[in-house]
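Starting off, we have a lone chain in the form predicted on its own, written out as C-alpha cells.
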Amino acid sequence: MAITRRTFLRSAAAVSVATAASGALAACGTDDNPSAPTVSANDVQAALEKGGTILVWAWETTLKDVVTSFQAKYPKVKVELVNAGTGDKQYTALQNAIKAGNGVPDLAQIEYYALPQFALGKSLTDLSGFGAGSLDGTFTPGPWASVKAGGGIFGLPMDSGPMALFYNKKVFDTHGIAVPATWDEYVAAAKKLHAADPKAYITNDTGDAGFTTSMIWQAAGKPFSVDGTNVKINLADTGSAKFAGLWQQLLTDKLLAPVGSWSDGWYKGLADGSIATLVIGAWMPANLESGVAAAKGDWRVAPMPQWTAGGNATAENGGSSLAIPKAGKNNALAYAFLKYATAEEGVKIRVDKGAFPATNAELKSDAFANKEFPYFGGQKVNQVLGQSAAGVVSGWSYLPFQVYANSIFNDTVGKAYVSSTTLSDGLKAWQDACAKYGKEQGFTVS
C-alpha cells in the first residue's frame, strides 16, 4: 500500500473545488436523465466477449496485479492503468477532463471523503442500474455507506480503514503502562509516559482533518448532514464536543509530539519509541513494516480506545472506491472490471499484496483472521482489525465539498496547535468558514 496515498488522504492541499462545486450545483439543476441506466448482467458478459479497451485512473499499486489477472481471464479486453496523480491531483485532473468532455477515464479511484463532491455533481454513473444493489452485505458497513448518496450507489468499495490503536509494547512495558481501553485511560497513559520520559509522547499531532473527523465519527458525532444541496454543519455537536474536550487536555499539557505525520521525524519517533502509539486506519501494518523496520517486534495492535468502557465503537480513516464517470465510453466493460477488482477474484489478489479488505467474506475467513505478523511479534493482527471493521459507527456523512473543507483545516482548527486558540474555538471557525464557502457555491447551509 503506497504511503503517499495515505498522506494525501489527510493532506490539506487544495483542489480547484470552487469550479467543481459550482459545476456540481449547475449539473443538479440541468441533468436531463437523473435515473440510473439499466445495464444487465448479459450486457456486461456480451461486452467482455466482444472486448475493447478501458482506461482506469488509479494510484493504488495493488491494482497492477488485478489488471494482469483480469486480462488473462478476458484476453479480448485491454485495461490501461494510469496514475493521473494521487488524491487531490487526480481529482483536479478528473474534474478538468469532465469539464472539457475529453479524456475522461472509464473508471477512477476516488476516496470516500471526496466521493460526495463528484456524486452531487452528477459526474458519476449510478451503479444501481448495473444491479450493484445486490451486493448489499458484500461489504463492511462503513465503506458500503460511504459509496451511497441520495439513494444511489456511486462506486464500489476497494478497501477500508477501520481504526485501531497501534502501540509500542516495548515502551509500555518499560514504563509499566497498561494498554488503554478508554480515552480517559489514554490521557492518563500520556501523562504517565511523558512524566517518566520527557522525550516520549503518547502520539504525535500537529493538526489533521482526517484524524479529527474520524475521532468525531467514533464519538457518534454527526456534524455534517447533506440532503441534496441542503447542508447542515454543526461542529459543536455531542461527538465534536467529546473530541475537543479530550484532545484539548493533551494539547494544554503538551503531551503530543509536535511532529508531522509521514515526516522524517515521525518515522524516527516511531522507531526509537518517542512516539508510542498511533490511532490510525487498518492499512497501517504494511507502512510500519516498510518504514519502521528497525522496530520490528516492538509494536502491537489493540482495539481503538472507547468513549464508553466495554464498547466497540470505531470509525473509518482512509479508503477508496472505484467509480465510473458518466462521460466514460465503455460503461459495461468498466463495471466488469470494477466488480472483478472489488467483489470477485481481484479482492484476494489485493489483500495478498497488503490491502485491507472492505469485503465481509475476506474479513471473516480463517486464513485472514489467523495470519500471524512477524513484525508485530507474531500477533494475529487481523483479528483486532476485523473486530474494528464490524464496529464502525453508522450514519456518518462527509460534506459535498469536503476536499475544500480539509484544505482550510490548518487555517482554522490548526491554530489550536500553535496558539492559545482552543479546539472548540477552532472547530467553530472551521464551521463558519465551511458554511461561508458552501453558501458562495450555491448550497443552502444552516
Partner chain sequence: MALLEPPAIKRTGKRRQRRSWTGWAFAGPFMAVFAFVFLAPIAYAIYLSFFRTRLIGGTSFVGLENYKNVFTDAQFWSAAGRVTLFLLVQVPIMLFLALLVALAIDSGRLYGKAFFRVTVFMPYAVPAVVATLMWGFMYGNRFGLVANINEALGTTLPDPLSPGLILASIGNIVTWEFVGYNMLIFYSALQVVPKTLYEAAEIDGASQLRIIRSIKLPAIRGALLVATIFSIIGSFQLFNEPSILKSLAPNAITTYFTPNLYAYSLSFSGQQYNYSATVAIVMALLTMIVAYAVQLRSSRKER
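Bear in mind that the values here come from a model prediction, so they are computed numbers and not experimental data. Numbering follows the first chain given and starts at 1.
The protein also exists as the form predicted together with the partner chain; that form is not presented, and the subsequent description refers to it.
Enquirer: Which of L55, V44, V384, I408 has a heavy atom within 4.5 Å of the partner chain in the predicted complex?
Expert: Filtering the options by heavy-atom distance leaves I408.
Enquirer: Go through S274, N360, N234, N330 and name the one with a heavy atom inside 4.5 Å of the partner chain in the predicted complex.
Expert: The residue in contact is S274.
Enquirer: Could you confirm whether N370 comes within 4.5 Å of the partner chain in the predicted complex, counting heavy atoms only?
Expert: It does not: once the partner chain is placed as it appears in the predicted complex, N370 has no heavy atom within 4.5 Å of it.
Enquirer: Within a 4.5 Å heavy atom cut-off, is I216 in contact with the partner chain in the predicted complex?
Expert: Contact check for I216: no, nothing within 4.5 Å of the partner chain in the predicted complex.
Enquirer: Please tell me whether any heavy atom belonging to L288 falls inside 4.5 Å of a heavy atom of the partner chain, as the geometry stands in the predicted complex.
Expert: Although the partner chain is absent here, L288 would stay clear of it in the predicted complex, with no heavy atoms inside 4.5 Å.
Enquirer: With the partner left out of view, is T229 within 4.5 angstroms of the partner chain in the predicted complex by any non-hydrogen atom?
Expert: Because a heavy atom of T229 falls inside 4.5 Å of the partner chain in the predicted complex, the answer is yes.
Enquirer: Pick from 70 to 78, 332 to 340, 119 to 127, 161 to 169: which stretch has non-hydrogen atoms within 4.5 Å of the partner chain in the predicted complex?
Expert: Comparing against the partner chain in the predicted complex, the contact stretch is 119 to 127.
Enquirer: Residues V418, E440 and F443 are flagged as a possible site; in the predicted complex, is every one of them within 4.5 Å of the partner chain by some non-hydrogen atom?
Expert: Yes, the whole trio is in contact, each within 4.5 Å by some heavy atom.
Enquirer: Using a 4.5 Å cut-off on any heavy atom, which residues of 349 to 378 would contact the partner chain in the predicted complex?
Expert: Nothing in the stretch sits within 4.5 Å of the partner.
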